[in-house]
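Single chain ahead, by itself, as structure tokens, in the form predicted alone.
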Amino acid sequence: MKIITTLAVVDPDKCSGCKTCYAICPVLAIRMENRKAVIDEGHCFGCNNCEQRCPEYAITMVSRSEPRVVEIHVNRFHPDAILDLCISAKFHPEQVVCFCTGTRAGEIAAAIMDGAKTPEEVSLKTGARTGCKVLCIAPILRLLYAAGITPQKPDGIQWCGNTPTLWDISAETMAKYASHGFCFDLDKNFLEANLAYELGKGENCKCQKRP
């Protein structure tokens, strides 16, 4: 859950229409009208990204008249479906994937099951990616890909792209660097066994699956 208490406001007299704010908004809450930036108040997450980057100092953050609460209720979806999607993306459902907002993988999975098909739509449903706006794009993309969704990059520079994981490294690359001290297979086996243990799904695991 994220509680939004601020809102970006544009001074049209100072705005030069450079589109910097438009290009960096993580929830696409800014559009250009008559070469001026316009904020969609209903979508603005008060992340300060536009204010910090505006070269004309045309954007200020003001207090909202009423706080806005953004949250996704994971319990609306079957826990096994959430679990399966997270495991497919190599995440534990309780694993935090957006440290700025504390959003967990299970919440991202729930947002996707709720209809989100892009990182921006995931952000609108969960608040993820509205802190530093940088690190959590990769896990969101991983979960989207695991759900069979391949979103197209929007205009601007909001995306930093996906980050390859152990499961993305080809067998050829693993073999090439095996003699250099890299133990890709051992690392993969360890991580998968640890995930199975945590979830109580391991063959020889005696722990109980978390509720």
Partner chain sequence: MSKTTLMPMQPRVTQYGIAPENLKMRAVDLAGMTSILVKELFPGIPDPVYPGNEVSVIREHATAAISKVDLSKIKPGDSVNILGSHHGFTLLGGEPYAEVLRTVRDIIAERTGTQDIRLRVGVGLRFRESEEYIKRFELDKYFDGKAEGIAPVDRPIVIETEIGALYGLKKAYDAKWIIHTHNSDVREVHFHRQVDRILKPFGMSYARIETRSTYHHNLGPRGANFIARAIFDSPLVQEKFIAAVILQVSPSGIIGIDADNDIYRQNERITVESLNHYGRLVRLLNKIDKCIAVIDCPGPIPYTFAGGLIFANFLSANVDPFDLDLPLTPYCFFAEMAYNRQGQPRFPGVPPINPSMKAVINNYSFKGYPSSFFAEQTPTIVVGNEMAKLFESCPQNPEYMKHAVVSKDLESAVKFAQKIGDTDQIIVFDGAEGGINVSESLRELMTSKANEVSEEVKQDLMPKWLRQRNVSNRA
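Between two forms, the rigid core is defined as the largest C-alpha subset superposing within 1.5 Å. Bear in mind that the values here come from a model prediction, so they are computed numbers and not experimental data. Numbering follows the first chain given and starts at 1.
Just so it is clear, the following notes concern the form predicted in complex with its partner chain, a form of the same protein that is not shown.
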{"query": "Heavy atom of each of 134, 183 and 186 within 4.5 Å of its partner chain in the predicted bound form", "finding": "yes"}
{"query": "4.5 Å heavy atom contact, residue 40 to its partner chain in the predicted bound form", "finding": "no"}
{"query": "4.5 angstroms heavy atom contact with its partner chain in the predicted bound form for residue 54", "finding": "yes"}
{"query": "Residue 163, heavy atom within 4.5 angstroms of its partner chain in the predicted bound form", "finding": "yes"}
{"query": "Residue contact check: residue 94 to its partner chain in the predicted bound form, 4.5 Å heavy atom", "finding": "yes"}
{"query": "Within 108-126, the residues that have a heavy atom no more than 4.5 Å from its partner chain in the predicted bound form", "finding": "none"}
{"query": "Core-aligned CA displacement of residue 187 at least 2 Å between the shown form and the other one", "finding": "yes"}
